[in-house]
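Single chain ahead, by itself, as structure tokens, in the form predicted alone.
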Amino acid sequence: MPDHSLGSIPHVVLGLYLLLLLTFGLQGYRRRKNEHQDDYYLAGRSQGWLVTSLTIMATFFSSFALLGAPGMVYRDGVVFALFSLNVPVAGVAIYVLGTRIRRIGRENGYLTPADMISAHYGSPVALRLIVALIGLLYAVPYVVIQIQAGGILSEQLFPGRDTFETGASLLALITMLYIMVGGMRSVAWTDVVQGGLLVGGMLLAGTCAVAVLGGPGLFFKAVASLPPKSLSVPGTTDYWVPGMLFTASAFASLGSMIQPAQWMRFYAARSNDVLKRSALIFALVLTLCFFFGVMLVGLGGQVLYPLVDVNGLYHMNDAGKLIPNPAVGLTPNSFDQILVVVLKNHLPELLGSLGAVLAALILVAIMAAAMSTADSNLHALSALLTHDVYDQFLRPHASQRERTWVGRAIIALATLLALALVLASRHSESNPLSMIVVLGLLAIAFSTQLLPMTVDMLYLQWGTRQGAIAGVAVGLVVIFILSPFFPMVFGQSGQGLIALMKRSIDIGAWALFFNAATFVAVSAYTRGTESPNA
């Protein structure tokens, strides 16, 4: 396969893009009216429909969509294309849950999810800390994914020694700087640019994959000739059985819409009409991008870089794990590189210098997707730990200026922690979370545990404080037991049943089932017996 160099074009495009982000950070700082947390974290609750729709879109679709999803289609085949069903479900969640969250948040001046949840259930300590913990468990893995994406892009764009480490560090530090300087306004403005790049990049990447194979007719003819396992359920690795696919799709969308960064975007919208319009734009645009963008790249990648050799055997490493075509990579996590490899090797072949420029723009769009999700989650994590922990329990009488600076310090520390985790796991062959989609679904499993409380709080108003606490605690324990971390800590005892559970439905769905059952049972038992202030 050809391997065209893009020359100095990526350096120029990337340099201009990063300069633009820093400019937005400075503009956000200048436009801030004061050091009040509403202004720093929610942009004064005044965002219109364009900014709201693009910032929700950019936060939802990260390197999970532009690297992880094509990588999963490349690995498992057409079955993962059905994962795009999660996008319209997420749009409905914005409409149904987001509008009520925004209204109640504005009426009561809430800043974080914990404000609303702890107030509703009368739990200023336990639930506030639990919700902040869930935000941490969601945000750190998701930021790790985005920083990892920066390393993958750098490795492909700028071949050489230590380019992965350099790219990951650059993405982390630039993102950290513009959030710290500008707050929510700079995050929202950069998300507008990044959201536009994301949509354009996805559609252009899909067009490239089809064009490389000679147009739509020849593309689908080539896809039809792929190995049968690539064209059927449960896919090449037998992982995506129907229960797993549909629970992952449903709860990935719901969990992504009630995670802290999105929750705060609901608060920041100017009106419910703004959110309703944003929900419609989100569902239509991103579903289109998913089907006609990244999914085509994953399928085209299987044609261009087959997973099997001439004898029909899958490529395996020394540990017996499936790996991509050697032209893509030599480790299981290299599947995530397929979109980058297709663009870098084939767009210049198709369009010459223009193709090199377009390839560089799409690759910058991937970096934009990574940064737009990293900035949103770092910004939300700062709000959670500053407002829900520092303000409430450590320094309740701190000035607004002090709180803002503590929030900036948290952003810096969280960024450096995520970067350290990426660099430490870089050369780990045994890393069970090496693929972006796997780590992303684990992070979403944590945020999904807020769903029973959220639905009860917004619509039913039946559950109790004890039920809410017990349900979330049980859900978090189930996630840990079903995650790759449990056997690393406790060995392989009981792994037969655990493995069976993990093969049937998504671990977040299992945890949600036990969470909801506990929530209902404990609430029924404790109704009328609660004592306040727990």
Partner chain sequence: MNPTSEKRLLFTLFVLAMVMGSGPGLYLINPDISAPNPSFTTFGLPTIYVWGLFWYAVQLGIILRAYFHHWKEEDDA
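Numbering follows the first chain given and starts at 1. As the structure is a computational prediction, the values presented were derived from the model and not from experiment.
In what follows, reference is made to the form predicted together with its partner chain, a form of this protein that is not presented.
Only one of 115 to 123, 305 to 313, 329 to 337, 239 to 247 places residue heavy atoms within 4.5 angstroms of its partner chain in the predicted complex, namely 239 to 247. Checking Phe292, Trp405, Tyr390, Phe158 against its partner chain in the predicted complex, a heavy atom within 4.5 Å turns up for just one residue: Phe292. This chain is displayed alone, yet in the predicted complex one of Ala412, Leu421, Leu137, Leu280 has a heavy atom within 4.5 Å of its partner chain; that residue is Leu280. Its partner chain is not shown here, but in the predicted complex it comes within 4.5 Å of a heavy atom of Leu296.
In the predicted complex, its partner chain sits within 4.5 Å of a heavy atom of Val78. Among heavy atoms of Arg106, some come within 4.5 Å of its partner chain in the predicted complex. Taking non-hydrogen atoms only, Ala224 approaches its partner chain to within 4.5 angstroms in the predicted complex.
Although the partner is absent from the chain shown here, none of Ala268, Phe519 and Tyr525 has a heavy atom within 4.5 Å of its partner chain in the predicted complex. Scanning 63 to 89 for heavy atoms within 4.5 Å of its partner chain in the predicted complex gives Val78, Val79, Ala81, Leu82, Leu85, Pro88, Val89 in sequence order.
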